[in-house]
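Heads up, the chain below is alone and in the form predicted on its own; it's given as structure tokens.
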């Protein structure tokens, strides 16, 4: 199995806030990340496709096509946006790194799997919120 990863970055604002809880609970639970005036991150996104290289091309996936899908499905929708207010596919979720990485995987999955070679599939999405805070979503880790 070969794992091919495309790295991208984007900047976005968000607020960690659970509308079903009190203001005090939110302040205690999320601290500075609950700022009602938002806060931002310089995110790094890694998208990994796993597979056996195609015998005709040697590719697991065409990285140019993967780049275009990531741009269309994630970057164009999230870069320099408020993740709580401006991104329809994130509506109703608390935009923690854990929730974002799963939502990004789901947003990318169909398009990537449609263009990947027969023996390849979207394997994992990793999101660096900061240099030290990273979330990774790999729903099929045994690939």
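Positions refer to the first chain, counted from 1. Since the model is a prediction, treat every value here as computed from it, not as a measurement.
The following text describes the form predicted together with another copy of the chain, which does not appear among the structures shown.
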* To do: Report yes if all three of 4, 81 and 86 come within 4.5 Å of another copy of the chain in the model of the complex by some heavy atom, otherwise no.
  => yes
* So in the model of the complex, does residue 39 come within 4.5 Å of another copy of the chain, heavy atom to heavy atom? -> yes
* Asked: Does another copy of the chain come within 4.5 Å of any heavy atom of residue 102 in the model of the complex?
  -> yes
* residue 108: heavy atom within 4.5 Å of another copy of the chain in the model of the complex? -> no
* Looking at the partner-bound form in the model of the complex, is residue 33 within 4.5 Å of another copy of the chain by any heavy atom? -> yes
* Asked: Going through 1 to 29 from first to last, which residues have a non-hydrogen atom within 4.5 Å of another copy of the chain in the model of the complex?
  -> 1, 2, 3, 4, 5, 6, 7, 8, 9, 11, 12, 13, 16, 18, 21, 25, 29
